[in-house]
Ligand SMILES: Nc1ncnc2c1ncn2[C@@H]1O[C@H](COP(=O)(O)OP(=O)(O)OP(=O)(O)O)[C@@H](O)[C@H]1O
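Only one chain is shown below, in structure tokens, and it's the form predicted on its own.
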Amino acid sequence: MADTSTILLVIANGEEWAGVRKLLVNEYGYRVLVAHSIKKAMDTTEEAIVDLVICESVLDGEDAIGVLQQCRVSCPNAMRILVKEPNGNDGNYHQAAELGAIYQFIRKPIDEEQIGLVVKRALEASELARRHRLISRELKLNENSPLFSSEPAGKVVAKCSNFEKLVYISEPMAELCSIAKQAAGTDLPILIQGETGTGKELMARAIHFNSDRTDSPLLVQNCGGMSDELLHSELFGHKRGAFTGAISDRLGLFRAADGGTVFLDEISEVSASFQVSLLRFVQEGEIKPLGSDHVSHCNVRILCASNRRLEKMVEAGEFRRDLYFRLKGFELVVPPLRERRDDISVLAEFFVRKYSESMNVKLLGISNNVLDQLQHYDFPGNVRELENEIRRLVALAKDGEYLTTRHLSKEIASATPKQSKDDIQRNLAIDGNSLKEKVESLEKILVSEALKRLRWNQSEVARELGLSRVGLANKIKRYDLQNLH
């Protein structure tokens, strides 16, 4: 395999599987993730790219077959191996195998060499299946095939790259993920910045799963819209009676994640007073729960995200400079989708596979016209908006269809091709005789073009043109510009 394959062990007893894990890592060079509960296993399949799952049949007294069934949706290309007890009841396992949830059975007692060989053969079969899918997609020899029409309906998209659940092909994302992978191997705090919907939390999860803290928990806290008291309780914990409603002790995320990672989303929204408490923790690792005089220490890696640029908030006196520099051991800025349009096609293909599997719809692909139209749209909601659009397209489509422009939402279907600056300059029709009249004519054209391109988002237009909102409003009124969208 060209890339390191990832194996997920869903097991009850880590000591029993220690030899298998050592063999898979040292002899075969695989990355091995471990989950000791059904919930942890399901969370891991949602957060990390998994190539093969080995799952014991019973965890915590519960039938774990649901883990393998969920894998068909969360990681549909992963091979799935079930480990059964020596004298256990087969139950619905054979039925699950017939439905495609299980690739192979293994019975205890565990034989390390046997499992190593089974894993190797399963990954080889997975690679052959992947190549078969690619060939089949390009050579669909049936009456509906685009090969029999003058204008092919399908488009072959270049092979994309993955950083866990982040999918990309563009150079900006390739460079960003390369830096993120290097940063993951350190223990430094990481600040992830970018617009809403660009995938900042996916980046944080990918960093955690490529760090030395993979076996420890990743806990997430959104800091937006929370009072200092509540946020302090969530992160640092509290003692019973510390405030009204505190009827029992609370551990807090930092102590719960000791040895692991805590991801703080919307870090820009915390108050100035709470920034002091957070700075103390980042510097010294000190934990002081509300209502307690006792100070303890824990070892937690901090990942933060913000959709507002913290350096600008520092300049405006809205965020502590010392905390900002503590949090940005590495600083990663995720570009908006409109600045990496090459990723739109591969993301669209990825989401089609994801949702056609979960909705049990068999589609032939996406038409050229749909992919072209997606390229024309600016996606103010970024990847999240694209994902919602594709999920909607799949829900509207029928088995055996291509996704076509008739499935698109009104906003995307009406998007027009973007003009380059050279095209705009060539197409400018400047009226007027005097210099003043020509300048006003040019100004009207530029303001009108910006309003149309940014869909009359006056805050964005004012920012791009270097105007205040009032100044832009005056020019709209002066030139009698109207929103006809």
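Bear in mind the structure is a predicted one, so any value in this text is a computation, not a measurement. Numbering starts at 1 and follows the sequence shown.
There is another form of the same protein, the form predicted in complex with the ligand; it is not shown, and what comes next is about it.
*Asks:* Taking the shortest heavy atom distance, is V383 within 4.5 Å of the ligand in the predicted complex?
*Replies:* Heavy-atom contact with the ligand at 4.5 Å: present for V383.
*Asks:* Taking heavy atoms only, is F350 within 4.5 angstroms of the ligand in the predicted complex?
*Replies:* Yes, F350 sits close enough to the ligand in the predicted complex that at least one of its heavy atoms falls within 4.5 Å.
*Asks:* Please check if E201 has a heavy atom lying within 4.5 Å of any heavy atom of the ligand in the predicted complex.
*Replies:* Taking the distances in the predicted complex, the answer for E201 is yes, it comes within 4.5 Å of the ligand.
*Asks:* Is there any non-hydrogen atom of L166 lying within 4.5 Å of the ligand in the predicted complex?
*Replies:* Contact check for L166: yes, within 4.5 Å of the ligand in the predicted complex.
*Asks:* Exactly one of N77, Q275, T196, T404 has a non-hydrogen atom within 4.5 Å of the ligand in the predicted complex; which residue is it?
*Replies:* Filtering the options by heavy-atom distance leaves T196.
*Asks:* Which pick from S271, T186, N307, S292 sits with a heavy atom within 4.5 Å of the ligand in the predicted complex?
*Replies:* Flagged contact: N307.
*Asks:* Counting any heavy atom within 4.5 Å as contact, can you tell me which stretch out of 357 to 365, 395 to 403, 69 to 77, 188 to 196 lines the ligand in the predicted complex?
*Replies:* Looking at the other structure, the answer is 188 to 196.
*Asks:* Taking only heavy atoms into account, state which residues of 247 to 267 are within 4.5 Å of the ligand in the predicted complex, ordered by sequence.
*Replies:* Just D265.
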